[in-house]
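First comes one chain, alone, set out as structure tokens in the form predicted alone.
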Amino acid sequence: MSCKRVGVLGGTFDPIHNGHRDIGLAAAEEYELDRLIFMPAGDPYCKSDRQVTGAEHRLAMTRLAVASMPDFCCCSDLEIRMPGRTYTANTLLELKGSYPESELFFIAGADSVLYMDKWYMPELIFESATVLCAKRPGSDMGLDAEIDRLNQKYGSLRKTAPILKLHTREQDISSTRLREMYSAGEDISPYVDQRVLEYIKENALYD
């Protein structure tokens, strides 16, 4: 199937939760995406300060969550298959090779956008894809000014603005919080797909 507009939502997904799903589907609706790719990170350099659950488990959970989403959603193991540390710039280059005729959209939270200028090869990121910025609780401080600054700095790389806002409700849950809740014996079923929860229990991921 030809895909004119392809969105990618990456993340550690440790675990993937309903907030990830909602942001992805909101982006697909607002920006008319033909395909939405959920991509668990392989060896994320920005998470080097903590132990990340094994890639095989995070990939399995992502596949289980995506299975209940609309057919235009899929899961990719691209970053997991990449050797060494994974960088968004390299991922988008690979996707451009897989979707040469498509327009790429990279979905990111506001907390990421605030620091994106310090990421590995940010000019390559903004040249390769339009960044869709989703609000996160507590990350509004200076966000509009930073988006304006980045759009001015990298605006010559694209026909459209490098960063566009994603108009969706703020997500009040995080994977970090869910791991803490599960470890404390709290119920996380309202926040994750039931099959993901069963997988977490069966594999004792966050005990």
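Note that residue numbering follows the sequence shown and begins at 1. Fair warning: this is a prediction, and the values are worked out from it, not measured in the lab.
Not on display, but discussed next: the form predicted in complex with a small molecule.
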Discussion item. Can you tell me if Lys165 lies within 4.5 angstroms of the small molecule in the predicted complex, counting non-hydrogen atoms only?
Written reply: no
Discussion item. Although the partner isn't part of this model, could you tell me whether Ala108 comes within 4.5 Å of the small molecule in the predicted complex, counting any heavy atom of the residue?
Written reply: yes
Worksheet item: Does Met69 make contact with the small molecule in the predicted complex, using a 4.5 Å heavy atom cut-off?
Response: no
Worksheet item: Tyr191 near the small molecule in the predicted complex, any heavy atom under 4.5 Å?
Response: no
Worksheet item: Of the residues Lys153, Arg158, His57, Arg179, which one places a heavy atom within 4.5 Å of the small molecule in the predicted complex?
Response: Arg179
Discussion item. Looking at 96-104, 110-118, 70-78, 83-91, which stretch has residues with any non-hydrogen atom within 4.5 Å of the small molecule in the predicted complex?
Written reply: 110-118
